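We begin with a single chain expressed as structure tokens, specifically the form predicted alone.
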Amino acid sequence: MIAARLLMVASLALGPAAWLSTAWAGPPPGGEKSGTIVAKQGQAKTLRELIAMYDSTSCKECHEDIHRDWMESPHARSVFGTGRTAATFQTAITNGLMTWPFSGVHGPGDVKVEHFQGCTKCHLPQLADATDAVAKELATTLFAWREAVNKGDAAARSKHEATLGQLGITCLVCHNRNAIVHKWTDGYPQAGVVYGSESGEHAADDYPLAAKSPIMHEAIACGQCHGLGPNLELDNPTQCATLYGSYLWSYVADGGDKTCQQCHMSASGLGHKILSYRDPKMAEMALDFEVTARAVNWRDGTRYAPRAVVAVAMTNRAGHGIPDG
């Protein structure tokens, strides 16, 4: 009975029918913790080192179309896209960290990796593979960017935006670092290995091997960032993304059988763009509108005036709550 319950919980956490693809998956695709990218290279000491650690530009040599789709996605610029996210990062420091009496943060120079986790857990998970000096550099860069914007210093603004624009959810974040979630069961993602749907050789000097990830086609791959709700493991819990939570406890619990990837990549035809409301087709798939209208003569005192009565019914057909975040 206990084993059956554990299996049920594991399958629900992975996504619909995930246990079918993982229960007899064969040898684990991972290895020892000492073989991860950060374990082999050491923690990044500068933003430049962190960018290089998970740089995926070489992927486009063989996967040009996929890389182009990814470049058009919000994932490619998860810290600085339109500037809204970067501004929110800074607001989290000034209106949050700097006002909380026990955070230890009085200015951008005091920011450590742990202080950023409420934001970077999703927007830049690889920051956990860097020293506190990198968190400080990121914070000071954000403040310098905002100062350049306020002063109208185009050259400085462009310089800082270029740096922040290189920080994102790269191919290696999804296909290596975050490709295995149950690490004590399946092993740790290994340096030199690209995780996807197949195992074998991989035609890349730095990544000569491919391994099958137990979660690459399951909703939990996305759920790592797109959230169950409050991040209660943090010293100062935050709540942002709740998509994965509403997906599990509403959509899946009610019999839904689609994964995040099926809607946001396959059915929509978006591939690695993985868009949501930014794409008209995704909006069409997610929401259904029924509009009826009729004309009436409305009596206003002694006078009749023409009026229009419009009734709008909006139905959420997505596998999660809308909006999120």
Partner chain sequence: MGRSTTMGRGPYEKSGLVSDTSLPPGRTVEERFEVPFPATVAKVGGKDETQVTDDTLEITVELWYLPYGTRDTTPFKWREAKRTVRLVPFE
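Residue numbers count along the first chain shown, from 1. For the two forms, the rigid core is made up of the largest set of C-alpha atoms that agree within 1.5 Å on superposition. Note that the structure is predicted; figures quoted are calculated from it, not measured.
There is also a form predicted in complex with the partner chain; it is not shown, and the following applies to it.
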Item to check | Partner-proximal stretch of 291-299, 33-41, 266-274, 50-58 relative to the partner chain in the predicted bound form, 4.5 angstroms, heavy atom | outcome: 291-299
Item to check | All of Ser78, Met98 and Lys151 with a heavy atom within 4.5 Å of the partner chain in the predicted bound form | outcome: no
Checklist entry - Cys260: heavy atom within 4.5 Å of the partner chain in the predicted bound form? => result no
Next on the checklist: At 4.5 Å between heavy atoms, is Tyr251 in contact with the partner chain in the predicted bound form?
Outcome noted: yes
Item to check | Contact flag, Ile66 vs the partner chain in the predicted bound form, heavy atom cut 4.5 Å | outcome: no
Checklist entry - Are any of the heavy atoms in Pro230 no more than 4.5 Å from a heavy atom of the partner chain in the predicted bound form? => result yes
Item to check | Partner contacts in the predicted bound form for 299-314 (non-hydrogen atom within 4.5 angstroms of the partner chain) | outcome: Arg299, Arg303, Tyr304, Pro306, Arg307, Ala308, Val309, Val310, Ala311, Val312, Ala313, Met314
Item to check | Core-aligned C-alpha movement of Asp300 between the shown form and the other one reaching 2 Å | outcome: yes
